[in-house]
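Consider the single chain below, provided in structure tokens and representing the form predicted alone.
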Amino acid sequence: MNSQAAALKPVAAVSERDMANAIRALAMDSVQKANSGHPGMPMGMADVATVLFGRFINIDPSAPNWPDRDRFVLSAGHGSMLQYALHYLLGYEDMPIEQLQRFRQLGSRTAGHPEYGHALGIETTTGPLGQGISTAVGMALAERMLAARHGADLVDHFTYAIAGDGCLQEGISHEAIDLAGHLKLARLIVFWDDNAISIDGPTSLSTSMDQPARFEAAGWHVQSVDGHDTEAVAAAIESAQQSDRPSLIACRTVIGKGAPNLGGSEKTHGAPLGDAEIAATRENIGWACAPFEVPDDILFAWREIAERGQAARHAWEQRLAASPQREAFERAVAGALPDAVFEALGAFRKEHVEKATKVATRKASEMALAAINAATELTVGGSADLTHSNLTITKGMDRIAPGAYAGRYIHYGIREHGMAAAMNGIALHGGFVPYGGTFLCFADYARGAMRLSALMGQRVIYVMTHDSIGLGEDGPTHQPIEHLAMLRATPNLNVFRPADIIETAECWELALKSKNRPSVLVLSRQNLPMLRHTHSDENRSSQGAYILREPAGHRAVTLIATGSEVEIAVAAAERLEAEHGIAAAVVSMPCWELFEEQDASTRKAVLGSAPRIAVEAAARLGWDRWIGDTGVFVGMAGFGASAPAPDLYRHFDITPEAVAAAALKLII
């Protein structure tokens, strides 16, 4: 308990109604001062939150990251003042009243939606509706998996989430609740803020969905309660905690509860109540305090909850100290991969240089994963129903199944969006390094959660195969064109497109070492030759681009390529030299982002001063950064077609002959 809390003394018995009204007052005052925000949801869910935090949840504001804490996810992130008010009342050291007074202001911890890393105790970034509940599914799965490995003495906590109608209407929620119900994630409890209001007005304007029936159909334990009846809410939580299935508690609430004129109206959803309505609300709920003031007895009652959580943490720490699993558990939670992983990858590269192995990079990824997964149990794989196309499972990986969580492979089903969000939850929970596969074209479906991976700086690895027109006959619906540009435009995301088996292993190593950044491995369906001829202990992909072929004489042209097109660039360079005596360098650029981070002299040494040609079977967008105003791009200008891959490369003129012709035109 901090010094402010230590000075507080209980004055009289404090009711849960008083404690909930503190949330309501802080929420409406903060939104009013900011002249921006969403007061209705915090006011409506204040009673539910008071019961959850006051009677059940185990968190410790003095040690907000202790591993066996309960997780709380505010999926309805627009109601962020609910979480900020709770954090102030509970005594988080970084959430003094001044932070509430600076709600939504530049540099404050009280952002418009909860942001992971901005304030203690925020488990995940929420705001895009549906992401929170879907991320919570990953957290709940990680809890079950970690418990299966290390035992209930060390891992025994719940994941709680508050979701609104928006969360449940977004399509990702269907993917998430279906997966959670199938896997019987019994320690996941979701509170639905069933207030029948959306931004446009009553939810009846746009939906007639029977949400409880929907969750029941997905295999959830479902209850419906009056969200303002604290005893009913408490009884529902107790029942949910005993269930062998994930639980939905549908809480019928009044949005803007306490506001005498605007309560129950969409007008409280996303706008300040106004001075007159706030004054009327204070009178209506019996709150005589000035803005941002909370009576000592109420604040003391909230700070006592923090003491309960601290006691729970101390008891857990004693169990950890006595556990034979301690060292293994602490290594897992730290997420530090053993040196054996990188030693195995080094040996892998040496072996395959010597063998000159020619395989598709998706197959090279599978082979590298076999070495990785044999060297550590931290990696947890999966696929969106494309396991044997993405090649994401390796020997000895048992499958996760309902009630059986000791394995390492997750069948996410045909749920790219839900898979990406669940992997975020697994990474945020700790104890694992998640990777999951789909086709690159379906990055469109996973995009929302991938963006949050980058925003939160999580080590999530996306294995995306079938990376170009080279996938062939499935045609333009499956052939990615603009996807590399979209991913490369995302801040804090490494996009790797390796050219052969050696670069694939190097890119896996870099992805695993990137603890604060997600990675995308973009992999081919078609076989690719090895382009390195000698082994080096150096990871040449680590600077993002490197000179693969340097001519003996002065460079006349530099050919820059990624992935499967590096082979084409090499063939073009050889053709230019043999037929025209033109010295062409080839630069392999597996990761734009890492190359951008190099200093100017390094980039200049790699790219040179000669005219440049880029070769990539994708959209041009972004390439002018590397080839300059006079550079030439050989690639795609539209969508693909259905045909065998070699025919497509010829049809779209992405060939050594086309590259050589472009070079001749550029320099002669």
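Because the structure is a prediction, the values reported are computed rather than measured. Sequential numbering from 1, following the sequence displayed.
This next part talks about the form predicted together with a further copy of the same chain, which is not shown.
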- [ ] Would you please decide whether residue 599 lies within 4.5 angstroms of a further copy of the same chain in the model of the complex, comparing each non-hydrogen atom pair?
- [x] no
Open item on the list: At 4.5 Å between heavy atoms, is residue 530 in contact with a further copy of the same chain in the model of the complex?
Closed with: no
Open item on the list: Residue-level question: is residue 302 within 4.5 Å of a further copy of the same chain in the model of the complex, judged on heavy atoms?
Closed with: no
- [ ] Examine residue 477 and determine whether its closest non-hydrogen atom to a further copy of the same chain in the model of the complex is within 4.5 angstroms.
- [x] yes
Open item on the list: For a quick test of understanding: in the model of the complex, does each of 117, 354 and 544 have a heavy atom within 4.5 Å of a further copy of the same chain?
Closed with: no
Task: Interface residue in the model of the complex among 239, 318, 204, 516, criterion: non-hydrogen atom within 4.5 angstroms of a further copy of the same chain - done: 204
Task: Residue (of 350, 314, 388, 326) lying close to a further copy of the same chain in the model of the complex, criterion heavy atoms within 4.5 Å - done: 388
Open item on the list: Given the stretches 196 to 204, 145 to 153, 372 to 380, 554 to 562, which is the single one in contact with a further copy of the same chain in the model of the complex, using a heavy atom cutoff of 4.5 Å?
Closed with: 196 to 204
Open item on the list: For the stretch 202 to 238, I need every residue with any heavy atom inside 4.5 Å of a further copy of the same chain in the model of the complex, listed N to C.
Closed with: 204, 205, 206, 207, 208, 209, 210, 213, 214, 217, 218
